[in-house]
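A lone chain, given as structure tokens: the form predicted on its own.
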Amino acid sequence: MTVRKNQATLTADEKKRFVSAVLELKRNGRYDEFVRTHNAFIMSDTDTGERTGHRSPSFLPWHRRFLLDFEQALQSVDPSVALPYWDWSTDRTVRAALWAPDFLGGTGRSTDGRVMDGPFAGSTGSWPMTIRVDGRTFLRRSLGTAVRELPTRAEVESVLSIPAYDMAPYNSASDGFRNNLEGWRGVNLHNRVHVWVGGQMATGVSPNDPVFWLHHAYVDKLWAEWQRRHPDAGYVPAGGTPDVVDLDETMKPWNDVRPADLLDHTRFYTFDS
């Protein structure tokens, strides 16, 4: 059984293996397919039309499947690798361990956001931006610039206390746990972290930055925590809802998996705590 660990507790060998597997997926072209898929759904998901990956109840199961596919791709390179998660409510500064040169590298330079250290820096030649929103072909970050503060633990707790998973109109205007976690309402958790990192993370091609996976692994962990706290408040809507994915409807692009199939993460992996 795969165990997803807090990135702050990873050994030097675990970091090295994760980075090496990510770089191999980039080298063989599989990595960019994940970037392309995510960007396609960011562009097509709208509040008034069909929405699957974002702005909708299926935000959480869609990304759970997306992460599972990526984790399995990593394990095809190195079976020992699991997705780590970044608890941004605890590791909240640019000095946190994940930004060190032996893992993800740090923020970008002030002139153009170009990441200058670590295995994903442009100078390594190993991390070109193929699926991109502009002509720049290097990884960019601007940690803590557009948004100064990452979410606090108190803000996380306030969202975990919300009793309803989601509610009409099932978009970015909804109340409920999903939309407050996604960040269109309330204290803004998930979306704020994307903007805090900046660079590609603030765009539809956010998986170009490997921190995307650690961020979403923590978002997924928060969903699991919410489920434990609210065992009688399941996924909604159950059926007959236009433009969103109901409990037993299949999700694009896979068309073989329903939210109902992804509610129990322990079928696939556990967390270290």
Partner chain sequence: MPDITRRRALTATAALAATATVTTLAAPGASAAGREHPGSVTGHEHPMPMPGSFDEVYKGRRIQGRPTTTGSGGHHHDHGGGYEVLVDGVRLHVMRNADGTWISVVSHYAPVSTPRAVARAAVDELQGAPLLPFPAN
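Positions refer to the first chain, counted from 1. Only a predicted model underlies this, so the values are computations on that prediction, with no experimental measurement involved.
Heads up, the form predicted together with the partner chain isn't pictured, but that's what we're talking about next.
Participant: Since exactly one of 107, 89, 180, 172 fits, which has a heavy atom within 4.5 Å of the partner chain in the model of the complex?
Facilitator: Contact residue from the list: 172.
Participant: Report the residue, out of 133, 97, 116, 187, that has at least one non-hydrogen atom within 4.5 angstroms of the partner chain in the model of the complex.
Facilitator: Of 133, 97, 116, 187, the residue with a heavy atom within 4.5 Å of the partner chain in the model of the complex is 133.
Participant: Within 4.5 Å of the partner chain in the model of the complex, do we find a heavy atom from each of 38, 46 and 203?
Facilitator: The answer is yes; 38, 46 and 203 each reach the partner chain.
Participant: If contact means a heavy atom within 4.5 Å, which one of 65-73, 25-33, 227-235, 203-211 is the stretch that engages the partner chain in the model of the complex?
Facilitator: In short, 203-211.
Participant: Does the partner chain get within 4.5 angstroms of any non-hydrogen atom of residue 195 in the model of the complex?
Facilitator: Output for residue 195 is yes: heavy atoms within 4.5 Å of the partner chain.
Participant: May I ask you to check whether residue 55 falls inside a 4.5 Å heavy atom distance of the partner chain in the model of the complex?
Facilitator: Residue-level check for residue 55: yes, a contact with the partner chain.
Participant: At 4.5 Å between heavy atoms, is residue 112 in contact with the partner chain in the model of the complex?
Facilitator: Yes, contact at 4.5 Å.
Participant: Taking the shortest heavy atom distance, is residue 161 within 4.5 Å of the partner chain in the model of the complex?
Facilitator: No, residue 161 sits far enough from the partner chain in the model of the complex that none of its heavy atoms falls within 4.5 Å.
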